[in-house]
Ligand code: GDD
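Shown below, as structure tokens, is a lone chain in the form predicted alone; questions about how it binds or moves come after it.
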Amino acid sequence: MKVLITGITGFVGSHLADYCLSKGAEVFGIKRWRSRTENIDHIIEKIHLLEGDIRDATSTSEVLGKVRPDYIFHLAAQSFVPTSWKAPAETLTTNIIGELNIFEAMRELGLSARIQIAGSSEEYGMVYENEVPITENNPLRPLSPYGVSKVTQDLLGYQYNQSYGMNIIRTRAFNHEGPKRGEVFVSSNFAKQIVEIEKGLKKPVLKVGNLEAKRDFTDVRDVVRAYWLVLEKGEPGEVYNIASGKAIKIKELLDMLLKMTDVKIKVEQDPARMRPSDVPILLGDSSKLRERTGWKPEISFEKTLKDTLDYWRERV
């Protein structure tokens, strides 16, 4: 089994590479020349890294022609919502054209790999209280350039499946956290600030944005297991939510982290961390995925946060 992971050097990609290796797969990954590899340094001798850029059609075709994979996990993206406000054109180009180049290369090379498209709960955007928990049939009302780019990726995947019979399966993962999460993301950012305070590198003041938003959190190690299962057991052309089925306020997440440290910390809101518009609640219904694959979350959110804190305690 040859597996190709775009975005292998990232947070989710690195955990997915670990999981694919545990399943006995031969793992290939695409990295840009300037990509940092610390997330995968522990497995660098066990995988095949190929230099390429999915935004370049020729580069993408060359990589796919070399690997000729059985499974493709397409994770590479500009994935930070606030950045999409500051760099909307880059977000749209990277996320949409990158995926289009993969599909076109598959067609030109005559490849029949099963492809997982890593979508996002941000596609749902403005969700009303009577619409939760959110099923795959909920209207898509994205509230950020990132959300728009993910809706486009999603619909392109559907279109290429319908038009060309390509084995494309789309997923919409709700928030996923864990060790190696980028420090710009909420749980990892809070955890890093706490550790900096613990080590005396920062005043005992923790900066926050909107604490009222409700999110559905799943451990990244459970999410990558779902990614594998949708390619193994999912139906091409279909879309599957990946979610815990529980939503908590960001304030509750922060309170859980603060209980895991002995230091006294003051919490302050930082206007720079507020978004032009924010999705008030994302709570997912993953029953379609569970019924098709037997997947369910196995790692508690307390463990996810503890592992994230310990990750930063080893690195700060």
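Note that residue numbering begins at 1 and tracks the sequence as displayed. Only a predicted model underlies this, so the values are computations on that prediction, with no experimental measurement involved.
Another form, the form predicted together with this ligand, is not on view; read the next lines as being about it.
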(message) So, F190 and this ligand: in the predicted complex, are they within 4.5 Å at any heavy atom pair?
(response) yes
(message) Does any part of N175 reach within 4.5 Å of this ligand in the predicted complex? Heavy atoms only, please.
(response) yes
(message) At 4.5 Å between heavy atoms, is D219 in contact with this ligand in the predicted complex?
(response) no
(message) Even though the partner isn't displayed, in the predicted complex is R68 close enough to this ligand, meaning a heavy atom within 4.5 Å?
(response) no
(request) Using heavy atoms only and a 4.5 Å cut-off, determine which of I197, A105, L140, A213 is in contact with this ligand in the predicted complex. (result) A213
(message) Taking 4.5 angstroms as the heavy atom distance cut-off, pick the stretch from 228-236, 126-134, 180-188, 155-163 that is near this ligand in the predicted complex.
(response) 180-188
(message) Please determine whether each residue of F73, A113 and N167 possesses a non-hydrogen atom within 4.5 angstroms of this ligand in the predicted complex.
(response) no
(request) Using the arrangement in the predicted complex, list in sequence order the residues of 5-21 with any heavy atom within 4.5 angstroms of this ligand. (result) none
